[in-house]
Structure formats: structure tokens, C-alpha cells
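Heads up, the chain below is alone and in the form predicted alone; it's given as C-alpha cells.
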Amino acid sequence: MVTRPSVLPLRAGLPHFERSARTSRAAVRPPTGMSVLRPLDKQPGLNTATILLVGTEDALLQQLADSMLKEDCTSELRVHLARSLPLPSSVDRPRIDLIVFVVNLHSKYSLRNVEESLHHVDATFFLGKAAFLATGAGRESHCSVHRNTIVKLAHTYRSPLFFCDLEIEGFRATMAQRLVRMLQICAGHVPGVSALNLLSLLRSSETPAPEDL
């Protein structure tokens, strides 16, 4: 039986958050009273898998979220979007099973935003519950961020890195399918496979270390 995707409604009266039909989005500049994101600071929801997509590309992240929610998933899939971290500590947010940092290779601001957001994530997230996604590599002549830069960033945080042109529907659908599968593992919904197991598998087939580039 496939559970219909949903999202945890945000508490009313939060001017720095907006709601959409199927996803929730954090504002660019959250108020004071911030907190570091930790993977185990909330109790897991019953059969619930929650992903947080962080990046400045509003439209692309929304399209990726919509593609994810179209996937058949035995878990109750929840997708949250944030332009940056930290998030307001006052927000009644659910436990986050996976964070994906999205960098547009055509924008140095996009990279800088992700680099700053990384400071607000607990180190334990980088034990298999975080990943990087670089978009825009297909139009290399337009890139203002070199591929090696994002490769080195992912290597520094020992997290998997995916390259995908999210503007192309077919590529976006394939990435959405992959992220949903990854999310289910990170949420503990795939018997016999842990987030650390997945991290080991992904890193064994990833791009070479920066010193080898």
C-alpha cells in the first residue's frame, strides 16, 4: 500500500515562514533565536520520511520537490524547502532524516549560501544523512563555480555529491527517484541498510578526492 505524500503543517503566526500546497519553505532571513540542526533532536514519526532541500534556486527546488512527491513511496513522504540555514528555533519542525544542499554552478551566491548554511548543521548529519546536489553542469560555458570546487566541498564534509541539470525534466525525475530511495534508507525504512551503509556505497563510487584531480 502506498502512503500519500504530505507535509507537516507549520504553526500559525510565523511571519518568516510560508506554506504551499505540498511543501513548506523557510524565509531567507529567519528571526533571532536560531538552533543547530541535529538528526536526533526529534522523535521519528511513524512511517514518516522527511527531507530538507536547502538552496537559493526557488523554482528548481520546488520542481524537484514536486517530482519527489510523485514517486511511489511506502513511507509518508514530507519535503521541506529552505533558502538558507539556520532555521528559527521557535518553529515546530519535524525530525529531518536527510538534508540535501543544492548548488547552482552558475551562481557564486548559491555556493556561498550553502557554505554559510553548513555551519548550522551538526556534524552527525554528515554520517550519511546529508548530500550535495550540483545543477547547471550541462552548460559549462555559463558556470561561474568550477566543478572541482563543489567536489572539494563535498569531500571536506565526507558526503555524497550528485550532478544533475534540474531544469531538464527527465534528469530531474531520475534524481527525485534516487533521493526518495535515499531518504527511505536514512529514515530507517529499508531493512538491513543504514545511512552509514549507504554512505559507504556512495563514496566508493563517487568522484576522486581533490588531491587526485
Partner chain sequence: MDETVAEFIKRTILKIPMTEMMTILKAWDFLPENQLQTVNFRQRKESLVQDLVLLCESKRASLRDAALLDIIYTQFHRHQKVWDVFQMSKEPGEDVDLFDMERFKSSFEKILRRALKNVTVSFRDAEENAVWIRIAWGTQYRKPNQYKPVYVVYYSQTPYAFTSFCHLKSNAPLLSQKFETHNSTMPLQETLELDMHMDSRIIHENRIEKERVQRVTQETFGDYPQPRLEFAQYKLETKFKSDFHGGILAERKEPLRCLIKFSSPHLLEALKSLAPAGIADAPLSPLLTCIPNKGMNYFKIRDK
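From a predicted model like this one, the values you see are computed outputs, not experimental measurements. Numbering follows the first chain given and starts at 1.
Beyond the structure shown, there is the form predicted in complex with its partner chain, which is absent from this document and is the topic of what follows.
Engineer: Among V121, L77, A131, L105, which has any heavy atom within 4.5 Å of its partner chain in the model of the complex?
Structural biologist: Here the answer is residue option L77.
Engineer: Considering L179, L161, A65, A187, which brings a non-hydrogen atom within 4.5 Å of its partner chain in the model of the complex?
Structural biologist: Spelling it out, the residue with a heavy atom inside the cut-off is A65.
Engineer: D58, L81 and Y109: each with a heavy atom within 4.5 Å of its partner chain in the model of the complex?
Structural biologist: Yes, because D58, L81 and Y109 each have a heavy atom that approaches its partner chain to within 4.5 Å in the model of the complex.
Engineer: In the model of the complex, does V100 have a heavy atom within 4.5 Å of its partner chain?
Structural biologist: Heavy-atom contact with its partner chain at 4.5 Å: absent for V100.
Engineer: Spell out, yes or no, whether the shortest heavy atom distance between A173 and its partner chain in the model of the complex is within 4.5 Å.
Structural biologist: Contact with its partner chain, no.
Engineer: Would you please decide whether V151 lies within 4.5 angstroms of its partner chain in the model of the complex, comparing each non-hydrogen atom pair?
Structural biologist: Looking in the model of the complex, residue contacts with its partner chain do not include V151, since no heavy atom lies within 4.5 Å.
Engineer: Is V145 close to its partner chain in the model of the complex, meaning a heavy atom pair under 4.5 Å apart or at it?
Structural biologist: V145 lies outside the contact set for its partner chain.
Engineer: Which among 164 to 172, 49 to 57, 151 to 159, 179 to 187 is in contact with its partner chain in the model of the complex, heavy atoms within 4.5 angstroms?
Structural biologist: Comparing against its partner chain in the model of the complex, the contact stretch is 49 to 57.
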